[in-house]
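Before any questions on binding or motion, here is one chain by itself as structure tokens, the form predicted alone.
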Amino acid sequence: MEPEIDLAAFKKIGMIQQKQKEYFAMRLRTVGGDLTAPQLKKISEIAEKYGKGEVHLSTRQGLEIHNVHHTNLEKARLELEPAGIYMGACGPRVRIVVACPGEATCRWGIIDTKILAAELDKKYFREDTPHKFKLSVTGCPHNCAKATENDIGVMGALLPRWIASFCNDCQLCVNICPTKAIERLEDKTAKTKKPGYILRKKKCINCSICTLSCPANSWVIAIKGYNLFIGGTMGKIPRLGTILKKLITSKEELHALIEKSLRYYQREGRKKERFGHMIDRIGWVKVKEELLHGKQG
């Protein structure tokens, strides 16, 4: 007789039972969607050897090998590990961290997304939580990594500043600002005798469009940091993340707020209740106050 399958143990490390009950999908662990060419080759070999020669790309930068018989799961896992490929996670726990390329290769990127994603993965991956828990790091407000759709989302952010002496009054900044946060003032400045420009900070979404596009370099970075969103989720009851704090300039403060947010959810969340739905149940004002000004719990 074949040994009994421990579905809970398998699920915890990302081995997911298919509708064909003897077969499983092996969910692999990635950080920010990155794998090396040799790792991809090894995954291909395992898919050929133990699956049906197919690999599935998940919606959160993960890879899955489907149609693996339960008797081959451990064999496949042990053959993947020497290549630095480990199992992912499923069920009520912290999942893999997704990230866009960030400032390393993207012209709009404001922060190093990959380093931060690796730090978060190392600290929290596979921790138990009331329900699934997802983290995302996106390089700027273009939001390619969907920070607002994850339980915790980090977004690169900056606040621009206008230098009057550099400006050639081309008005490009006014035309390309996505939220019309930049306005041209007809009154001429005392020094340059040219019309001035003003930033409406409440309208600014902290993107890098003006600082990167200005041909005269008159828009420069005044503050650079992170916007932190919490409580985002898709699924049956979608909820976009709520911004906990804007323009966090210290990575230490960012990590501290993420830590407090996750621990708060672990303490206050109900079984099968997503972080965002817990926030709505308790009340945003109370949650925000406790996370920003309450004691570490």
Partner chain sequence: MENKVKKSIDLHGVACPMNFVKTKAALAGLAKEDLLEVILDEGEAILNVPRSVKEEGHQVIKVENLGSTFKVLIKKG
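Positions refer to the first chain, counted from 1. Keep in mind that this is a model prediction, so the values were computed, not measured.
This protein has a second form, the form predicted together with its partner chain, left out of what is shown; the following refers to that one.
Asks: Even though the partner isn't displayed, in the predicted complex is Pro82 close enough to its partner chain, meaning a heavy atom within 4.5 Å?
Replies: Because no heavy atom of Pro82 falls inside 4.5 Å of its partner chain in the predicted complex, the answer is no.
Asks: Taking its partner chain as it sits in the predicted complex, is Asn168 near enough to touch it, meaning that at least one heavy atom pair lies within 4.5 angstroms?
Replies: Answer yes; at least one heavy atom of Asn168 falls within 4.5 Å of its partner chain in the predicted complex.
Asks: Given that the partner is absent here, does Arg93 sit within 4.5 Å of its partner chain in the predicted complex, heavy atoms only?
Replies: Contact check for Arg93: no, nothing within 4.5 Å of its partner chain in the predicted complex.
Asks: At the 4.5 Å heavy atom threshold, is Lys123 in contact with its partner chain in the predicted complex?
Replies: Flag for Lys123 set to no.
Asks: Choose from 74-82, 123-131, 150-158, 168-176 the stretch whose residues reach within 4.5 Å of its partner chain in the predicted complex, heavy atoms counted.
Replies: The contacting stretch here is 168-176.
Asks: Verify the flagged residues Arg107, Thr211 and Pro215 against its partner chain in the predicted complex: is each one within 4.5 Å by a non-hydrogen atom?
Replies: Checked in the predicted complex: all three residues contact its partner chain.
Asks: Can you tell me which residues in 49-69 come within 4.5 angstroms of its partner chain in the predicted complex, by heavy atoms?
Replies: None of them.
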